[in-house]
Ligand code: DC
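Before any questions on how it binds or moves, here is one chain, the form predicted alone, in structure tokens.
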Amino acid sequence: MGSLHKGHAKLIKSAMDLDATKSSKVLVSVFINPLQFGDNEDFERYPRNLENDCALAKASGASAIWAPSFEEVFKGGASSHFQLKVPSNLEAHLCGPKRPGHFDGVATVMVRLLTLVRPQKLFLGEKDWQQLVILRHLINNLGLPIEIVGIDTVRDADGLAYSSRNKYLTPEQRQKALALPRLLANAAKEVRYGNSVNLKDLQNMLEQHNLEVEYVETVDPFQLQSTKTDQKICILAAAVNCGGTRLIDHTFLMPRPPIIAIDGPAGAGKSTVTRALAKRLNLIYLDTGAMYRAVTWLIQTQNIDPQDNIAVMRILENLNLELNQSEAGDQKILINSHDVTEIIRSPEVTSFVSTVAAINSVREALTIQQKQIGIKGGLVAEGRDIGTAVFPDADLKIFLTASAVERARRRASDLKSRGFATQDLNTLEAEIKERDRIDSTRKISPLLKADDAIELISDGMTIENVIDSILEIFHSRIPKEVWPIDHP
């Protein structure tokens, strides 16, 4: 709505950066929408400085700025146009009850602007979280071919979230207002330490800083319904009045860092994708498939019959399995002090790993280790039952697959790059199909797609395409301000 600041600049720069070819046009719209102001709100005095807005937009990389009049957007007046009504459940909490009609005005003008402009992508700040969620629902329900890209909240050096209305604050009022982001951040920290948040106490602390509290609530981030603070992720939001200036802010409460579980059949590219995704998100890479391969190698080198339960149990009792990760993100697999990183990818291990993975005692031992690694969260894990048996509570589950023909081609390429002899593609395809049959029909932890997993078929996609697709899904579940790419 104008009076652009560094938060808006980040939206523009993010739009520019997303297009590697720099061939797209970035349009900035400035329109102070009277439909979203209440009778006693600040429409008349809302900050307006189009000259400064044009300068900031240009400096940030915008292709054009569009500042239409009300008549240009609503020819003949608002009464001559359809006006939308936001579903009551999306405005039952947070700003909705105190600002009746506000989000109806937002939805109405957004549909009008989008109809006129017809963009491919719409960049919106996560600071106005409730507005962002409502617009996501709106675009989805109307079937508009527009992708919404949320950009995390930008804060000034003192911690106050950038807002056009911050200009109303006197220096003294601004100092009082800093209690809002500080107390919210402290609450998020307490949750990470395993403590709970008392909303009444939080309200009292805000009031002690002479802030008039409109609401302090925790809601589900995507349906905006009231929820408890012990959920996997929820949003803690507050609105306060400071010297007559209404300020909103929020934080996300997440008891542990996220877990991403990537399942799928052999040869679907799980290891490559998981390793790269973990690096992009600065999460731990857990290659469960390598763990089963390492045990398979050990059983083979010791000439143990996999049907000999006593012998298998004996090596499991003395098992020392290590997954060490370098700063560069490379992983070394050691079993009983032997570096088996490369040898476990050999055809001999590959052809036998399904048999070993079906042994109950092996799965039990390795599942216990994997769950122990995942207690604190913060990892991307791959395997054939990672989302069903090991991490059923993962924040995101991806079932990554590809046709048998595609997987055979990838397998041949991988063997060649590692210096192993390659078989013809028909033989590899037959072996892959047989392995799928074994993995999906075994009694112990069969290959299954979890009910809440998202299937991603990677035929014709590059590794980077797959990673970008998963990141897009991830940030639809975990907002960027909670866990941005290259999270520190």
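Note that residue numbering begins at 1 and tracks the sequence as displayed. Since the model is a prediction, treat every value here as computed from it, not as a measurement.
Absent from the display: the form predicted in complex with the ligand. The rest refers to it.
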- Using 4.5 Å between non-hydrogen atoms, is T288 touching the ligand in the model of the complex? yes
- Wondering, does K449 line up within 4.5 Å of the ligand in the model of the complex on heavy atoms? no
- Query: Can D53 be called a contact residue for the ligand in the model of the complex at 4.5 Å between heavy atoms?
  - Reply: no
- Does the ligand get within 4.5 angstroms of any non-hydrogen atom of V240 in the model of the complex? no
- Has each of F37, K98 and D128 got a heavy atom lying within 4.5 angstroms of the ligand in the model of the complex? no
- Query: Though the ligand is not shown, can you say which of R363, R275, R246, H137 has a heavy atom within 4.5 Å of it in the model of the complex?
  - Reply: R363
- Task: Using a 4.5 Å heavy atom cut-off, indicate which stretch of 158 to 166, 384 to 392, 85 to 93, 137 to 145 touches the ligand in the model of the complex.
- Result: 384 to 392
- Item | Residues in 335 to 369 close to the ligand in the model of the complex, defined by a heavy atom within 4.5 Å, in order | R345, V353, S354, A357, R363
